[in-house]
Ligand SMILES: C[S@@+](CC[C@H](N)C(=O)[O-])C[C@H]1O[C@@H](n2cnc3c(N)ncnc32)[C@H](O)[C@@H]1O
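The chain below stands alone and is given as structure tokens, in the form predicted alone.
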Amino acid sequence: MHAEDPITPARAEQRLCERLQLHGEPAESLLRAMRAGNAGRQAVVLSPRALQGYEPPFACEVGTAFPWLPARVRIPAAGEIPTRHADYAAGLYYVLDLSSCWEGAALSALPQEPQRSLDMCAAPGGKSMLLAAQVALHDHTANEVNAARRGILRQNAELCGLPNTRITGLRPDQWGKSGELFDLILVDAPCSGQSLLCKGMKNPGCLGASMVQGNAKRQRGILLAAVRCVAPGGHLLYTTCTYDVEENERVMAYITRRVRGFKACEIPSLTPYRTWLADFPAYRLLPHHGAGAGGFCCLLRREN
């Protein structure tokens, strides 16, 4: 534990529930999922290399309880391992947690296809894959500042055949000063990653106030740079894989207060998940909802 945050794991869990205003059974459901570590749920996104009519070489769930699921996303049946098939190595599909697809479903609210798009924190490539599965990539930039992660991003983009895509490594502040404008910017922000606990992965300190506040500060900085690159009438999709309100609703509230001309958009397909922690449209998925480890999304529009 950090010296400024000397609390027990049990107290950290309790504090998270308090911040989320969860009590009784909803709070217990969240804590059970975090402790069990088995809420992760795989999904596969058909890549641009997968021709129309292609289906993965493994059993998938027939029908779905998830009406928000993008058309080119499949949910493997129980016991299937998508990564063991040759089609995976050939780049015909990309594997990620179902909750990431839930976040990507926010793109269904775009009124038109973006002509220029930027994935600002792109590695390893999941959000760019989801974008390519829902709209045509006309002029797409996948950016990753970390050189090692940028290499993985490049490999995935080439393997899956992302069209009209360039790979860059600029810092957010460099983008903010670049003068480039995009119709759509994806900010899958670095975060405390509390949902990793629900996948059974260790993430020491992710519930601590110092880690949460440090990430929130970083997220605000990234977004203040990103909004400068949104073209008039364009959109910015903010997503995280963490639960704390400080990194989600409060970051969005800060941006819409600080920057004129940005407004949160309704996402009709995600209406059942609208957050109770903000007075503007934003959406959160928790692990006990049954659609993966959880996440948060908010779609902003820049007025003309």
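All figures in this text were calculated on a predicted structure; none of them were measured in a lab. Counting begins at 1, following the sequence as shown.
Keep in mind that the form predicted in complex with the named molecule is not shown, yet the notes after this line are about it.
Visitor: Would you kindly say which of A189, L92, L184, L207 lies with a heavy atom within 4.5 Å of the named molecule in the predicted complex?
Guide: The residue from A189, L92, L184, L207 that makes the contact is A189.
Visitor: Which residue, R228, R116, R149, R220, has a heavy atom that falls within 4.5 Å of the named molecule in the predicted complex?
Guide: If I apply the 4.5 Å criterion carefully, the residue I get is R149.
Visitor: Would you point out which of 189-197, 131-139, 228-236, 78-86 contains residues with a non-hydrogen atom within 4.5 Å of the named molecule in the predicted complex?
Guide: Among the candidates, contact is made by 189-197.
Visitor: Does the named molecule get within 4.5 angstroms of any non-hydrogen atom of D97 in the predicted complex?
Guide: Flag for D97 set to no.
Visitor: Contact with the named molecule in the predicted complex for A122, defined as at least one heavy atom pair within 4.5 Å: yes or no?
Guide: Because a heavy atom of A122 falls inside 4.5 Å of the named molecule in the predicted complex, the answer is yes.
Visitor: Counting only non-hydrogen atoms and a 4.5 angstroms cut-off, does K127 reach the named molecule in the predicted complex?
Guide: Contact with the named molecule, yes.
Visitor: Taking the shortest heavy atom distance, is V145 within 4.5 Å of the named molecule in the predicted complex?
Guide: Output for V145 is yes: heavy atoms within 4.5 Å of the named molecule.
Visitor: Determine the residues of 153-170 with a heavy atom within 4.5 Å of the named molecule in the predicted complex and present them in sequence order; the list may be empty.
Guide: Nothing in this stretch is in contact.
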